[in-house]
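Only one chain is included here, represented as structure tokens and corresponding to the form predicted on its own.
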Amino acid sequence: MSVATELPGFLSLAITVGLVVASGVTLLAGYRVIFGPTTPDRVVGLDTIATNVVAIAILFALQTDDGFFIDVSLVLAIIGFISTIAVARYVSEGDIIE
């Protein structure tokens, strides 16, 4: 699906800056996942990484004008949500399925 053929200059710059910022925050969240002092810190770090990967996929879809990455981002968002709920339930109750 092709919506626009050429992005305006400021939009292209904003997308590039967004990609760089999202990638940097993902690296910082990776640090929290590896060295987080507690399990909830690591879970929040993983949730942040999942959210940033979705944002990167959407920004990449805007930059390349390829709708496939929108579908990929929707699937990643669903998987990230379900996994966060499952881990949060495991951390709080010790079991996912009762």
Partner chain sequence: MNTIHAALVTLFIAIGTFFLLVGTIGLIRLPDVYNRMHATSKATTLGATSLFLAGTIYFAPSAPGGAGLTSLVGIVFLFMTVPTGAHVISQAAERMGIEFAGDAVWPDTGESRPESPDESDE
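Residue numbers count along the first chain shown, from 1. Here the structure is a predicted model, which is why all the values come from computation and not from measurement.
Same protein, other form: the form predicted together with the partner chain, not shown, and the subject of what follows.
Using a 4.5 Å cutoff between non-hydrogen atoms, residue 34 does not count as a contact of the partner chain in the predicted complex.
Residue contact check for residue 96: none of its heavy atoms lie within 4.5 Å of the partner chain in the predicted complex. Contact residues in stretch 75 to 94 (any heavy atom within 4.5 Å of the partner chain, taken in the predicted complex) are 77, 78, 81, 84, 85, 88, 91, 92, 93.
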